[in-house]
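To begin, one chain is listed below as structure tokens, in the form predicted on its own.
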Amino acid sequence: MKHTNKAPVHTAEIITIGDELLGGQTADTNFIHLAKRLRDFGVRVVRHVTVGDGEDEIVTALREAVRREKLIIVTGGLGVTPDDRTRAALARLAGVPLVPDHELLREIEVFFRDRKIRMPSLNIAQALLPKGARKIANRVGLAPGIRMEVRGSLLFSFPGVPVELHALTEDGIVPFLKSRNGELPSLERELRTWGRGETRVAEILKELEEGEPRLSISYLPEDRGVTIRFKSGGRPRTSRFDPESFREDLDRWSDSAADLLGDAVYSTRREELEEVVGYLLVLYRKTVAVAESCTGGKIAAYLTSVPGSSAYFRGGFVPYHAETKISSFGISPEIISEKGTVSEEVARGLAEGAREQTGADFGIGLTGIAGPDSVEDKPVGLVYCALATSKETAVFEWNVIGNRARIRDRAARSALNLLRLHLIRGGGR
């Protein structure tokens, strides 16, 4: 089953397998990862099909894909449980039996023996491959990837566990694509923004987009904010393919967009918001502490997810109950009785208390109503966030739309962005 065609690959089809995907229990992040890696080598995914765990369904999807595309990537169904039927489906597609790979079986046996665990008989299935197929070693799991050719189409089949899929993509598909397509230059740019919705961002960039007929802009609303992706939608300025002319255009477009959007742009290099905040704190040699109520520690979790964050993160508090706000942060019972736990005054007290208790340069205090029920006759989504410095404390009122999880996450990210804006506008003061 050796694949002899050495022509560049331009298109591909991806098939993801699993009842849990069709039932909505699991998000299909594997497709996103594969599509991005294929795009890095100039390969466009022209079709994405999701099918259940039934063997007949998988075989049908594979047969249709083979008729359409020369490169097909399959994920899922390579485990050892009865609903893992991808191996059998691949064998049926090729009209060959499943045969044991004795070297692979020995590796699986050694894996269990080294851990002093008796190997379940079900794991023998992981050593079965369609006759003539090649295995791709799985450095983070037991089930190998499978590479095989069927009627002129090349198929890669990988386990559905994301960490295994990622490793097998790098070890299996990437070397193949490098050999066919070579290393392609990065011919797109990306801006990440926070604080403006997708529609408003598109309005701001409308004139730029209309004035550049070769410019293609994608607006991607995500949890991290609105991501803006720039691509060239036409031919290069010269008659032959010239990556440098594309780069110049993309740099010019993304720079113009960044100027138009101003400090709503927090990254031009695909950094997360918490990474940018951490960089700025290190740059200005500042520290921060947080006291957060409705977000339940999410701000602290974001800040500490960045390696080296101990250099600038002094500590986090979750004074969730009113009594804790009183006893640990000195907020008077009268204020809570009169203004409520969700109020400007409480947010101020939390921010100043976090700063004073840790000796941090900045204190962030946040209180709000994440829902699903309103509190103190105040609406779900009402959030107060305070930023305390050595000179003053500023309090902001936000009305966040969404369910409980979305309100908590957006409030936490908005608090990080508040600190980012203070740092870039005030030079760390």
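Predicted, not measured: the structure shown is a model, and the values here were computed from it. All residue numbers are counted from 1 along the displayed sequence. Take the two forms, superpose them, and find the largest set of C-alpha atoms that agree within 1.5 Å; that set is the rigid core.
What comes next is about the form predicted in complex with another copy of the chain, which is not displayed.
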Is there a heavy atom of A300 lying 4.5 Å or less from a heavy atom of another copy of the chain in the model of the complex?
-> yes
Just to confirm, D84 within 4.5 Å of another copy of the chain in the model of the complex by heavy atoms?
-> yes
Counting only non-hydrogen atoms and a 4.5 angstroms cut-off, does P120 reach another copy of the chain in the model of the complex?
-> yes
Answer for V51 alone: is it within 4.5 Å of another copy of the chain in the model of the complex, judged on heavy atom distances?
-> yes
Every residue in R39, G316 and P372 with a non-hydrogen atom within 4.5 Å of another copy of the chain in the model of the complex?
-> yes
Interface residue in the model of the complex among G296, P175, P333, G132, criterion: non-hydrogen atom within 4.5 angstroms of another copy of the chain = G296
Tell me the stretch among 254-262, 121-129, 96-104, 338-346 that has any heavy atom within 4.5 angstroms of another copy of the chain in the model of the complex.
-> 121-129
Contact check, 14-38 vs another copy of the chain in the model of the complex, heavy atom within 4.5 Å, ordered by sequence, gives D19, E20, L21, L22, G23, G24, Q25, T26, A27, F31, I32, A35, K36
Large Cα move at P82 between this form and the one not shown, threshold 2 Å, rigid core = yes
Tell me, please, whether between this form and the one not shown the C-alpha of D223 is shifted by 2 Å or more, with the rigid core used for superposition.
-> no
Determine whether the C-alpha of V49 shifts by 2 Å or more between this form and the one not shown once the rigid core is superposed.
-> yes
